[in-house]
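This document opens with one chain alone, in structure tokens, the form predicted alone.
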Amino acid sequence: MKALELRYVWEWPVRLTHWFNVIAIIVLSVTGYYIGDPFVSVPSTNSYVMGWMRFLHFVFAYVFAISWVVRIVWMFFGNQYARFPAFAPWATREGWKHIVGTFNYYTFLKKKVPYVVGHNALAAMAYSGVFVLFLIQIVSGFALYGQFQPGSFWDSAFGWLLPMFGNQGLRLTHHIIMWLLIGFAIHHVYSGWLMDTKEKNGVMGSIFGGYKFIDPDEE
């Protein structure tokens, strides 16, 4: 039986921001949906349910924004699996081979997925798009937040978006992206499980401990 190498792939900032994002997206989705369409009946306004929902939404909006900034910064200082080039496989010829090979595997045209230690090519490109959606969600959310405090930092930073896209336009964008991220999260868990089953390299466990089982001969 071939000996595998245990390698530290996902550094602690990557894992920490991943789990902060998971918690933040869950809380923001539940509270955000409630803010837009209250689904809890209360006997009186003294229950302050909407107030708590808004408070939690704003707190975790900051958590989400800080987590995003930390992850982007780590793209400059992290290891090779966390840096910007890892998320732009289309920029190299080798990257394109992995893109095509991974696409062929996902569409059942090939039985074997191209070997990678970090993210596969299509996953990396998808995560790049998700980072952009995160940014749009953060900016649109704080623009809506700032309109209730004219002259505040958030109003000054993003208030110009309101006359450009309108209040309802930003709200609709914010709402649609929420559902896109929920859909992505479902697929993310499924694809992680699939790769863990097929590659048998500890993909699912690696997001907790950071280590994966690597075949040096395949690199």
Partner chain sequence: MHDPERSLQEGSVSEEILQKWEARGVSRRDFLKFCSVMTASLALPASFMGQIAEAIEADNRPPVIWMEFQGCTGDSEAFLRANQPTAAELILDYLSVDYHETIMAAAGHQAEAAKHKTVEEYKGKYIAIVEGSIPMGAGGAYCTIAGDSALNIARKVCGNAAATIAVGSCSSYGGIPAAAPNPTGAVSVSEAVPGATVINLPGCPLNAENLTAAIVHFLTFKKLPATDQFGRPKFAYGKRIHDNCERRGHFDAGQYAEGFGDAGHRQGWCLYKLGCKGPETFHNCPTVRYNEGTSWPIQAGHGCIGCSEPQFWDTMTPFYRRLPQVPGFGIEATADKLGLGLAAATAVAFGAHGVASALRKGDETDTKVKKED
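The model shown is predicted, which means the values in this text are computed figures rather than measured ones. Residue numbers count along the first chain shown, from 1.
Only in words, not in the display: the form predicted together with its partner chain, which the text now covers.
The unique member of Y127, F84, Y105, W96 whose heavy atoms fall within 4.5 Å of its partner chain in the model of the complex: Looking at the other structure, the residue within range turns out to be Y105.
Partner proximity in the model of the complex: Y62 to its partner chain, non-hydrogen atom cutoff 4.5 Å: No, Y62 is distant from the partner.
Its partner chain contact in the model of the complex: E199, any heavy atom under 4.5 Å: Yes, E199 is a contact residue.
Touches its partner chain in the model of the complex: W154 (any heavy atom, 4.5 Å): Contact with its partner chain, no.
In the model of the complex, Y34 touching its partner chain (heavy atom, 4.5 Å): Close contact exists here: in the model of the complex, Y34 approaches its partner chain to within 4.5 Å, heavy atoms only.
Candidate stretches 87-95, 109-117, 134-142, 73-81 - the one whose heavy atoms come within 4.5 Å of its partner chain in the model of the complex: Contact-bearing stretch, as computed: 109-117.
Contact set, 36-64 vs its partner chain in the model of the complex - heavy atom within 4.5 angstroms: Going through 36-64 in order - heavy atoms within 4.5 Å of its partner chain in the model of the complex - the hits are G36, D37, P38, F39, V40, S41, V42, P43, S44, T45, S47, Y48, V49, M50, G51, R54.
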